[in-house]
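We begin with a single chain expressed as C-alpha cells, specifically the form predicted on its own.
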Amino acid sequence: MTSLFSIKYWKQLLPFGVMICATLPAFSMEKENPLIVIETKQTALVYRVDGDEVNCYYFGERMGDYQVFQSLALPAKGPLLGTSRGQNFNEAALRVTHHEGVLSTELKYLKHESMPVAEGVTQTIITLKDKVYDFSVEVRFEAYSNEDIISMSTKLKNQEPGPVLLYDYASGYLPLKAGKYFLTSFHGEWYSEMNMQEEELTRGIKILDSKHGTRSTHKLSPAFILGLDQPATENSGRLVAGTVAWSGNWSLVFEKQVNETLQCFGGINGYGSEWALSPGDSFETPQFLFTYSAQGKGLASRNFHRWARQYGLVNGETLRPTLLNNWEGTYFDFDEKKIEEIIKDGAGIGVEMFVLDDGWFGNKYPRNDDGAGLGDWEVNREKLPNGIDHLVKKTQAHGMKFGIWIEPEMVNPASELYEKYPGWILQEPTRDKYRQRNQYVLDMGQAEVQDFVFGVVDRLLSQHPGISYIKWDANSHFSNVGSTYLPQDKQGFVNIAYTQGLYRVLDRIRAKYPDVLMQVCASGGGRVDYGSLPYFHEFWTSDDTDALQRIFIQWGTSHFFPAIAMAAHVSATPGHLTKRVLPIKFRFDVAMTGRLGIELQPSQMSGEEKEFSKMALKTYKEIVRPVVQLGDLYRLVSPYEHNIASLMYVSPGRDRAILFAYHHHFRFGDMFDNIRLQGLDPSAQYRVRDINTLDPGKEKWSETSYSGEFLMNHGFSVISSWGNTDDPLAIGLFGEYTSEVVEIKRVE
C-alpha cells in the first residue's frame, strides 16, 4: 500500500458565500438533497448531495440553521473536487489516466460519515467513485473546533485491473465566490525568507510552487492569504488562509473564472512526479490546512498558532530552552579548548543549552570546510581528542544541556561514505552529477539509505545519551532527479519517494527518542512547513541573523507559525554578511519575539555587552518567555507600512502581555500614531513597566495602573525625533535601531 505521511492539519476557511468542505459535526439531513455540514466553533462548510454529485454551497461563519441550503435552488459554488472530465475546462485538482488509457474522471457520490477522533476534533469522510471505473476517492476533513482550523486530504484507491497513472492529486479543493480576490504570498531566498507581497487576482491562473525537492520554502512558501472582496488588513476583512503540510515539492493553484468564481487547490506538485497506482494500492495525500477569518489576518494567525501548539509541533505547549550555538562564533575553525571556553562563557551569561554545530566530524576527510567529510559521522580526533562525551560532561558541569548539528541526508564527494556507496545519491546515469555547496543529496527513497540516516541519529543518541538536542540541517536542493534503485518506468516516483522516506526515518527516531529536542533546519528557513514540524520542536527561521532583516523575516513567518517554534538568535556586530552595526539591546529585543538564542563567540563581547546579555537572558526566561512562547500574537504596526514596527503577545488568561516596538528606519521629523494594544481585558487594571533596558535601575513609568480599555483605545504615544515628551505613556524610539520592550501586568 502506497501511503503519504498523514497528519492533522488545515483550518477553517471561507466566508459567507464561499464554498468548501470541512469537518466538524458533519451531519446529513436525510431528504431529497442531503447536506454535509462541517463546522468548527466559528466556521461552517456546507456541501449538498445533488443526485450523484457533491457540490459546495457555503463557506463562512457558522450559523444555527442550514436547511435553507437544502430547500432553495441556490447556485453551487463548485464541486467537492475538481477533476479532469469532458465538460470541465478548468485546471483539475485530480487528473489521472485509467488503466484503459482514458484521461477523464467522473466521480459520483457513494456515502459519507462523520465521527469524533479526539476531543474537539471531528473527522468527516466523503466517498466518491468513478462512474465507469473501479477507482474511488475518499475526501477527508478534520475539523478542529476550538482552533477553527480545517484540514483536507484525499485517499485514492485503485481497484481497476491495471495500473492508474496519477498526474495531479491535490489534497484540498476550495471553490470560492467573492467580488474580488487579493492574494498574499510569501517569497524569498536563502538569507531573505518570508517576504510578503499582495496582488489582486485577475482572470486566469496563478500558480505558486516549489521544485526544490528538499527545501520546500525557498523561492516561495507553501502558504497563502486570500482576501475576499477587498485586501484584508490585520484586524478587518474576510479572508481564507491556508498552507500545504508537505516537505517536498508542492503547488498552490488559483484560477479565476469568467463567472468570477475562484477555484483554489493545493498539495503535492505533480510536476515530474507521476505516480503509478497498481491494482489494489492506495495513495494518501498530505494535509491541506486552512482557516477562515472575518476579522483580518491577526485572527487567522492566532488560529494557526493555537492549532500548531496543540497538534502541529512536538510538545507544542512546553517552554523551549535558551541556547548558544557556536556556528557564527567559530564556523569550522575550532578545537576542543575553544569549545570548552565557549561553553564556560555561555554558562556565565545564563544560556541553558550549548549546541555544537558543523565541523566536529570526519577523519580521513576532516570536516574543516564544506568541501569534505559530510557523511562520515565519526568524531574528528584532531579537533576533539576526548570525544563528544567529554564536551557533554563539560556542558552539564556548567548546568547546561548539550546539543549537536547533523546533516544526514547529504554527502560530500570527498567522503568515505561516497567512496563506498556512490549509488546512494540522487543521480541520472547519462548526466553530469551536479552539486550544491560541494555535496550530493542521498536517495532517501532507498531502504538502505533510510537505515543509514536513522543509524546516524541512533548511534549518536545511544552512544552519547547526554545529547539532548539535534539540529537537523539540509543544505542542498535536488540537482539530479533520478534514482539507481527505481526502474526506468518509475523515475517519476523520485520526488515523492524521497519525502516519504524522510518521514519514515523521522517516525522511527521519534518512536525511539520521544524526548530529544529537535530543530529542523535547511539552509535556514528551507523547511518551515507543517509537513516536517510534527517531528520537530522548532525550526531555524533563517540563516540571516541580522536583527533589522529578522524583523521582516519573523513578521512574515508569524502569519502561520507560532513564536515557540521560531528560533531567533542574537549574533555578532557588525553582521558577518550585512556588515551592519546594531546595538546589543536592539538585537536582543528582536530575538526575544521567538525562541531566544545566541549565535556568536561570547569572548569577543565587551564586558558591558556580557552584562547586558546576562540580564537580558534572565529577563527573557523569567518574564518574557512564558508569554511569547505560549501567548497570543497581535501584530500592531507593520514594518512594511511604517518606519517603526510593533507587536505584542498576550498570555492565555490575559493577565500579562509583552509589547515590542522597533525603530528600524530613521527619518528626522517622522510622526507616528499611538501604538494601541490588543487582546487585553478591557475591564481589568494593568501596570506597565519597561524591561530589558540599558538602565534597569531606573523605572520609566510610575506605579499608576491603566485599564485595558484605555491601553487598547489610547495606547502608547511614540516619541522619535521630536514631540511631546510629557505623555505619561510615551515609548521613546530616538533614532534608528532603538527599541523598547514593555511588560503589561494585570493588577490583582
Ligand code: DGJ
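Heads up: residue numbers just count along the shown sequence, starting at 1. The structure presented is a predicted model; accordingly, all values stated were derived computationally and were not measured.
Although not depicted, the form predicted in complex with this ligand is the subject of the following passage.
Interface residue remark: Y649 is not counted as part of the site for this ligand in the predicted bound form, having no heavy atom within 4.5 Å. Interface residue remark: Y181 is not counted as part of the site for this ligand in the predicted bound form, having no heavy atom within 4.5 Å. Although the partner is absent here, C521 sits close enough that one of its heavy atoms falls within 4.5 Å of this ligand in the predicted bound form.
When contacts are judged by a 4.5 Å heavy atom cut-off, N475 counts as touching this ligand in the predicted bound form. Comment: this ligand is not present in this chain, but in the predicted bound form one of F402, W540, Y498, Y662 has a heavy atom within 4.5 Å of it, namely W540.
Scanning D358, D589, D443, D345 against this ligand in the predicted bound form with a 4.5 Å heavy atom cut-off leaves one residue, D358. The three residues R306, F536 and H559 each lack any heavy atom within 4.5 Å of this ligand in the predicted bound form. Figure note: of the listed segments 653 to 661, 467 to 475, 625 to 633, 607 to 615, the one touching this ligand in the predicted bound form, with heavy atoms no more than 4.5 Å away, is 467 to 475.
Looking at 119 to 148, no residue comes within 4.5 Å of this ligand in the predicted bound form, counting any heavy atom.
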